[in-house]
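What follows are structure tokens for two forms of the same protein chain, given separately as structure 1 and structure 2.
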Structure 1
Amino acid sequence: MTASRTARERVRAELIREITDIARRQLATDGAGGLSLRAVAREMGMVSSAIYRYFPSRDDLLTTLIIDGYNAIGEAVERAEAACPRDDFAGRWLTACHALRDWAVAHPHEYALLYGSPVPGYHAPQDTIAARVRDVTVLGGIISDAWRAGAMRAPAIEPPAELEGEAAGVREHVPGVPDGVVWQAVAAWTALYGWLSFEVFGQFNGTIEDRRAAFDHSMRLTAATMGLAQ
């Protein structure tokens, strides 16, 4: 019975992998809003009712694609940053940023699913949160480590009183730093993901040609603004 169950589990895993691969191709041609379980089933040569055994709804399939995408980004960033010397904070920051960009450029349609316009009628469940913060946790850890090591300058501008408590949702990803540094992290992440979205969604077309070099310089400027020693 155990061998039979294991074989069924392998078949199920393979079918789920095939479904998600086809769904990712659909993202490239039809966008997230055009994702269709019936179309996936048709491409697989499967009756439409059968695919619901694996994904009860389009939203379940979207959730799986989103979690897979966030985990792929997180793994790429974690692996790249882990190879850097621990006391090279600027190097860790730049390496993590480039890992993010490399993934986004190589997977533009998946990036669009994660960071583009919301899919009408879809609301991401709590299941997506752990995967969603993997890359942010790495970036926040670099900033926290640099602050504790004295390798960052204090913020030039302190947050105004009306922002007190507003950083609570971010603080867990940048532990052990004052509020001013938390807001520096927020500004840095905005610069990073803003650049990626501009590049992936074509806003630099006809404006910036050597985007890798321009990205590197921009992320160095961001590191300098945060006071990371380079």
Structure 2
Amino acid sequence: MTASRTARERVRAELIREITDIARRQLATDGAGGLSLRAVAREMGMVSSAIYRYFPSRDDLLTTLIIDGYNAIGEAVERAEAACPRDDFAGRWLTACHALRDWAVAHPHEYALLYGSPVPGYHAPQDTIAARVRDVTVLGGIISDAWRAGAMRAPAIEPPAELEGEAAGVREHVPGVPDGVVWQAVAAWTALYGWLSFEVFGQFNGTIEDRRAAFDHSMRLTAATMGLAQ
């Protein structure tokens, strides 16, 4: 409350920021497995135990990096999509896809931390879920808008009875559409991230070279499947 307390808090916040910055740099170069608290401390001129004043464990440091990553990816796609004409649904979809891919290709290790194999003993705390849905909210919003504008084709097949009610958890991100469209959106979502994971994790190495063009075409195929109008 007082100025002195705020001063101490400020230097603490600054140190936390510095730790996460260095950690993020190490993550970018060495990957999540290579992130070492001792190396971070060394780079800061501190002793390793001092880090534990600011992060109770390595997993907690990873958690803040994960949240930051989700926010970065969410902000990238939000910003890119917001610049599109609202009624160009295919354009909004493609722009969002490319924003996502650009970020993923530029930050492969961070992408792997977010969407790759979960780290061994790591359980995502609740704090992450708010940040992790920003991209799917954007993607779902495009499909929702397109459907409600009548600028989208009805899905080729309807979901079976056993999926009754299963769409509830997803619908909040793609509101105002029938179940079939929700599942269509899920399919598009998984196709998008399936490509990104394949590309970032190197599954295309040696087989597909112009990955940006191939990705663009693949996402156009997905848009065409949904009948997204321009």
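Please read these numbers as outputs of a predicted model, since none were measured by experiment. Counting starts at 1 and follows the sequence of structure 1. Under this definition, the rigid core comprises the largest set of C-alpha atoms superposing within 1.5 Å between the forms.
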>> Between the pair I just shared, point out the form predicted on its own.
In response: 1
> On a core-based superposition, does L221 travel 2 Å or more at its Cα between the two structures?
Replying inline: no
>> Quick check: R212 between the two structures - does its CA shift reach 2 Å or more after fitting the rigid core?
In response: no
> After superposition on the rigid core, what is the displacement of the C-alpha atom of A13 between the two structures, in Å?
Replying inline: 3.3
